[in-house]
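This document starts with one chain, in the form predicted on its own, laid out as structure tokens.
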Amino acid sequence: MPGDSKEFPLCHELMKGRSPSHVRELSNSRYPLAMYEHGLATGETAYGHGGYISIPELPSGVAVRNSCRPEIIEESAYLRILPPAGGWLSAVTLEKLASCAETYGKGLIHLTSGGTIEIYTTREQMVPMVRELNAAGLDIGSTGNDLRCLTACCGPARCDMALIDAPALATYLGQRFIDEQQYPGYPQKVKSGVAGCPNDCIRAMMQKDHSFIGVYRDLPQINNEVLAAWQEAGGDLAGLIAACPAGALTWTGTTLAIVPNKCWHCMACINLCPAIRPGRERGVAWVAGGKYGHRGPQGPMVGYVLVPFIPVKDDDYTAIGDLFGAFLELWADNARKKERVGDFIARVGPLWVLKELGLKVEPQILLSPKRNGF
């Protein structure tokens, strides 16, 4: 570690204890620890605003943070790498990332909350690093007013709740719209995510401008033999019935049944009882306009359910890609500068959006995702 406990006393305090320490990771790299010590001592970060920069030969995915302490470091430049969908990284890929970080950067990798991978480096080292990343099947993007990386849950590669192959859909969209991820040209950034089921463990509906959520259209399937075994093992039938947010579960005295016109097609009963499984008519719901950020007139928003069900057959995602591209074009042509998707839809109205896209108007779009079974 550079320096000692006397030089960076506040940083050293954050290295104590058994829990993994972010400062220990910083100190094991060539990160300028004096910058963090300054922030801890003053209560204000030593980094200033930055953003997307232009580097010859490179698309977006290159950015800097300005420094408020140029005597320590003039700027913090970094590459933003588009990750494989679903968060899947092999040991081979991790070794390549580590090698690039050590060779061209500061020996430090940042896994961002937005799903990308950042390596801190210098402007001079960016082009040779990207060449090596490209040779390993990786690429950069997701900075500026462009389509940000498409995140996804782990999908059926690991999760038994997956209704669609979320990483496969995210990969399809990422490949089809790779230029939009690398060449900024929109009024504002656009974040997108794919969740394999309404549980939405990646919180796509709440923090993404666009989310495609795996859903089912028919009723959940109940196996009463499995249900009986579950009850014998201590399963709480009364609690299961009470947990249904729509009040759609009923007990006939011998079997458990679902009232069709009440069921929200959510995952509440499915999560609680192994005897209840999702229906077999599966597809995706398109939810648009979610964001966590406070900027914009609407502040944080949950997205609008614009299309409750888009069938997915034989892993053909063409219709979803066509719809996604059509909306991006509509938004780019009609949005105000720096207007996020949710604020745009709130201003023009979801009915106007559907009309312009030539889509059927469904009453569900006037409801929140919670009322649509998510």
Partner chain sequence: MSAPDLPAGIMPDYRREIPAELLARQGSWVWHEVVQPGVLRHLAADGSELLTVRILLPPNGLLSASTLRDLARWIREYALTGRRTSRQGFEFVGVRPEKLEKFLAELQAAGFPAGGTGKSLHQIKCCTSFIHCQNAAVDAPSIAQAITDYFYRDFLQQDLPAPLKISIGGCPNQCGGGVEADIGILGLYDSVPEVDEASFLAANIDIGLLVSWCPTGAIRPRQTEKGTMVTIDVDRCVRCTSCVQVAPEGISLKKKSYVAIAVGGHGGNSCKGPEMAAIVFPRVPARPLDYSAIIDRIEVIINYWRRAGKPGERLAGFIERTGWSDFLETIGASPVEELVDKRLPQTSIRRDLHFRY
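Positions refer to the first chain, counted from 1. Predicted model only: the values in this text are computed from it and were never measured.
Omitted here: the form predicted in complex with the partner chain. The next part is about that form.
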Test of understanding: in the predicted bound form, would residue 360 fall inside 4.5 Å of the partner chain by heavy atoms?
no
In the predicted bound form, is there a heavy atom of the partner chain that lies within 4.5 Å of any heavy atom of residue 250, even though the partner is absent here?
no
Contact test in the predicted bound form: residue 273 vs the partner chain, heavy atoms, 4.5 Å:
yes
Should residue 104 be counted as a contact of the partner chain in the predicted bound form, where contact means heavy atoms within 4.5 Å?
no
Site test, 224, 316 and 342 vs the partner chain in the predicted bound form, non-hydrogen atom cutoff 4.5 Å
no
At a 4.5 angstroms cut-off on non-hydrogen atoms, which residues of 82-114 are near the partner chain in the predicted bound form? List them in order.
82, 83, 84, 85, 86, 87, 88, 89, 90, 91, 92, 93, 94, 95, 97, 98, 99, 102, 107, 108, 109, 110, 111, 112, 113
Have a look at residue 51 and residue 67: in the predicted bound form, are their Cα atoms closer together or farther apart than in this form, given the change is 3 Å or more?
closer
Cα-Cα shift for residue 293 and residue 51, closer or farther in the predicted bound form, minimum 3 Å:
farther
